[in-house]
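Before any questions on how it binds or moves, here is one chain, the form predicted alone, in structure tokens.
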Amino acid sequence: MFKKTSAVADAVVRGLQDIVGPDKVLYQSADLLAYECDAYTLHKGMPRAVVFPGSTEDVAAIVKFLNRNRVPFIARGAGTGLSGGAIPLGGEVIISLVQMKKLLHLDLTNRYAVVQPGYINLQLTNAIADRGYYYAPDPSSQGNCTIGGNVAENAGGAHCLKYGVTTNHVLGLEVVLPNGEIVEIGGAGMPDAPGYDLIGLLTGSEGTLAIVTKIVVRILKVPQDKRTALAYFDSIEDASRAVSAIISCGIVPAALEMMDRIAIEGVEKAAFPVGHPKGIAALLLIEVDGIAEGIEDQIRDIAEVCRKCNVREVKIAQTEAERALWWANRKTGFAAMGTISPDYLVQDDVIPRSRLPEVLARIQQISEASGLRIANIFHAGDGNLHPLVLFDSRKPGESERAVQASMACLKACADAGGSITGEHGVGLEKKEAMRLIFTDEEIEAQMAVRRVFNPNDLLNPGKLFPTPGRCAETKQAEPEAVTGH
């Protein structure tokens, strides 16, 4: 059972109020309910308090206070994470970074921007689009997720096939270590400085090593031209073969997405229906971009590859409005599952692209064995699958069966030589599944790195790695009394 939070401000709450002010600390039970989970809703825990810093210095002061008093804490962005990385296990203080949401600096000449962690992903592109620039990482939640959260999860998106994930666009970080020390790493002028790649280490560390308080990101020039196609197939196997065939012919699309029959049923009932043909087994949404010369040839070659793979129909977007509608249809895919199922569980795993047909067939077998429908919406070009297990939590046993089916999908991908996550992170949901791809020795080596940064395991405890056996557990001394900041 999780601890109930008292309506009376305790010593920890009063200490936090002394740092940031009484109006920036939540501690009443009713106020804390919104923070008991992130977008992974199958597990919930009540935080001790939620505090809203307004600056790096606030974060450092808060962390020093909590570290001194051995109070565990979690950094949180918009709460859009899908693996439970921001869920309290009971009693942690959540450090919400949503009020640190400024675009601090923009340098178009050197093509970089400096943002605070609470700055929304899509806001950056919107802020610079009229000058011909954009920010490439584009997760489906980009209208809501924060860049700080993207750094924590190493978020990707539909266009990461060509442009890479978040780590490929981070030039520098300012972080607060778990002891409250402020450290700057890299920067616009030295992203490739000699020494260890600490930016690479911190990006994707899921908030277990440090709290990001400032990010220097690369911005790109908007491509001269882009073309977008929809290809409809009567079988998953033909669509999967087309994916590998497109890459094999030397074309690297900016995006190469797939949706299956169940996913299409959902998106067509949601906010942005396209009018996809009835009865198709799968569709590919394909986009190429770059210099104008040659773009038409690429999209024509892609259409020809699809025809050789028994495509039913290939459509090329004729206007920007049509292209935008196709992408809105795809980007709302996860939420659209709510139109066909009371509940759904989103999974995230990666396989070699060439093994798409067999793994998708295995996922279908898992669906049939569990008695639950599984929709597939995913980044086909880089083999990043997103099986969505559809269930009804009101029916006894269905939530448990959904989790079992989801874990079976993970194992199928691991058995195919893949990974248990591509962009959603491990968090709380998949930490025990780390054993599917790492040995105990490899896990211990990674935990040793965490101990260097986070020796008291106060920052986001209980996430990312499997729970150790009792012989490996470290007991932490409880402080006798809360001390001031």
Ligand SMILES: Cc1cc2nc3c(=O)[nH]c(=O)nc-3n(C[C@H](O)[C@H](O)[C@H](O)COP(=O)(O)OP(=O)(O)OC[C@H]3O[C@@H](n4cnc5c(N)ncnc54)[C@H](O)[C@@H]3O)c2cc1C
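One rule holds for the numbers: they count along the sequence shown, beginning at 1. Since the structure is predicted, the reported quantities are computational estimates derived from the model, not experimental observations.
Although it is not shown, the form predicted together with the named molecule is what the next lines describe.
- Query: Is there a heavy atom of G79 no more than 4.5 Å from a heavy atom of the named molecule in the model of the complex?
  - Reply: Flag for G79 set to yes.
- Message: Check P178 for me: does it contact the named molecule in the model of the complex (non-hydrogen atoms, 4.5 angstroms)?
- Response: Although the named molecule is absent here, P178 would stay clear of it in the model of the complex, with no heavy atoms inside 4.5 Å.
- Query: Using heavy atoms and a 4.5 Å limit, would one call F334 a contact residue for the named molecule in the model of the complex?
  - Reply: Result yes; F334 sits at the interface with the named molecule in the model of the complex.
- Report whether the minimum heavy atom distance between P88 and the named molecule in the model of the complex is within 4.5 Å. No, no contact at 4.5 Å.
- Task: Could you tell me which of 399-407, 106-114, 199-207, 316-324 sits within 4.5 Å of the named molecule in the model of the complex, going by non-hydrogen atoms?
- Result: Careful reading of the contacts points to 199-207.
- Item | Three-residue site S141, C145 and N460 fully in contact with the named molecule in the model of the complex at 4.5 Å by heavy atom | Yes.
- Message: Considering non-hydrogen atoms and a 4.5 Å limit, which listed residue (G266, P253, G156, G383) is close to the named molecule in the model of the complex?
- Response: Of the candidates G266, P253, G156, G383, G156 is the one lying within 4.5 Å of the named molecule in the model of the complex.
- Message: So the named molecule isn't shown here. In the model of the complex, which residue out of L284, I74, L173, I377 has a non-hydrogen atom within 4.5 Å of it?
- Response: Of the candidates L284, I74, L173, I377, I74 is the one lying within 4.5 Å of the named molecule in the model of the complex.
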